[in-house]
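Only one chain comes next, encoded as structure tokens, the form predicted alone.
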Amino acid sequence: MADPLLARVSRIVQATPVHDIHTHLYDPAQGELLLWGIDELLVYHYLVSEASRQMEVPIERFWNASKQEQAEFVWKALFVDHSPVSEACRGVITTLNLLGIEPRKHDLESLRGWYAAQNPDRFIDRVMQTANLASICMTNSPFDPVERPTWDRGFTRDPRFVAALRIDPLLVAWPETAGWLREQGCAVTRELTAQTLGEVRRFLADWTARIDSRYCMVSLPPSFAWPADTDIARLIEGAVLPHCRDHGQAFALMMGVQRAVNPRLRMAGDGVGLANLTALQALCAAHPDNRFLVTCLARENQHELVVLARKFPNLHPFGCWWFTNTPQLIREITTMRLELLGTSFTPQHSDARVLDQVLYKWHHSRSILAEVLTDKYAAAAAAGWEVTDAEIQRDAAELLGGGFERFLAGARIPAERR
């Protein structure tokens, strides 16, 4: 017999608009940077790394092929020669179904034909309406030689697409970035003098204003330590955190990625490592007037992260990132967070690199969120607290972006008023 509580919770969760707080998408006005379509879905790095285990061609032949040929290699390896049972493959199937396409009745050429017939503006509207998205937060890097010129030229912003300032090269590759900043007119040196740190802050302030960023962010390796006598630690202490305080910006840390463990796979070759959350604890304790958004790549870091969040109200866990974005781990991590933090976290972000992916990522994640919430509401009912629809709506809004928005708003309150 159907569970009436699950039906109630599912209906409300599905009907609640979501603020997708971290993606790799772009404003439609940035043209070809905003990826969509069947070939882009198939050459997504999740699928490339999986297909590399099954493809009949060597990886060097794959990279020398056109994008269409690459998509054909992946399609054959994962959807023709083998059943598409992985989460990344299921995502492609879910996406097509939500667009009204029956995947088993279409070959790759007919799928390309369907996409080619779509009007781009109407397709964007359709995807956002189907996924029930209120906003999409981009990842915007002034260091990207392809993206930067679009901001330099200027364009009319789509209000549904909001910005986040990505600063990885600044922190993890300072010697090279210092030279680039000098070319941009910043009076910096390789040594992190007071003047150099001031110039970095000026650069961050300029780009924060230029793109109207919601927060700034970095992806960090497992070796990250703080405090430490390193470029990255000194830049965070002397430039990034003061900038965040001055401009009401939260600092997002995506912790635990091992870059290029297999360089032959390019972007698909990154791996996972255990992050040092002692560094995060020290940051939160030493800087109570800064706000930290944090997600960890390793499953083994999740419990420690949640415990830290119980101790530091300036820490907001978010998302099930990359290798934890599988149903089993989403369910486990979301359950643990609810049991230790209540609703004071953001359970998911899509991390989408292709617009169409928001369809499957939110369809799958909403279903799991509804199931986990139902279990918790049932436990509360057994203890004597029956939830109302209004309370479920409140909680769903909190978890699907409302709590995140409030956390960001807190970063904009002057320290003396907190």
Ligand code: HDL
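Start at 1 with the first residue shown and count on from there. Note that the structure is a prediction, hence the values are computed from the model and not measured.
What comes next is about the form predicted in complex with ligand HDL, which is not displayed.
Within 4.5 Å of ligand HDL in the model of the complex, all of H24, H45 and W322 (non-hydrogen atom): Checking in the model of the complex: H24, H45 and W322 are all within 4.5 Å of ligand HDL.
K76, R202, R190, R259 - the one with a heavy atom within 4.5 Å of ligand HDL in the model of the complex: Going through each option in turn, the one that passes is R259.
Answer option from H316, R214, R337, R166, heavy atom within 4.5 Å of ligand HDL in the model of the complex: It is R166.
Interface stretch in the model of the complex with ligand HDL - options 37 to 45, 62 to 70, 372 to 380, 387 to 395, non-hydrogen atom within 4.5 Å: Within 4.5 Å of the partner lies stretch 37 to 45.
Exercise: V162 in contact with ligand HDL in the model of the complex, heavy atom 4.5 Å: No - in the model of the complex, heavy atoms of V162 and ligand HDL never come within 4.5 Å of each other.
E50, heavy atom within 4.5 angstroms of ligand HDL in the model of the complex: Close contact is absent here: in the model of the complex, E50 is far from ligand HDL, nothing within 4.5 Å, heavy atoms only.
Proximity of M254 to ligand HDL in the model of the complex, heavy atoms at 4.5 Å: Close contact exists here: in the model of the complex, M254 approaches ligand HDL to within 4.5 Å, heavy atoms only.
4.5 angstroms heavy atom contact with ligand HDL in the model of the complex for R353: Output for R353 is yes: heavy atoms within 4.5 Å of ligand HDL.
Residues in 202 to 238 with any heavy atom within 4.5 Å of ligand HDL in the model of the complex: Counting only heavy atoms within 4.5 Å of ligand HDL in the model of the complex, the single contacting residue of 202 to 238 is S219.
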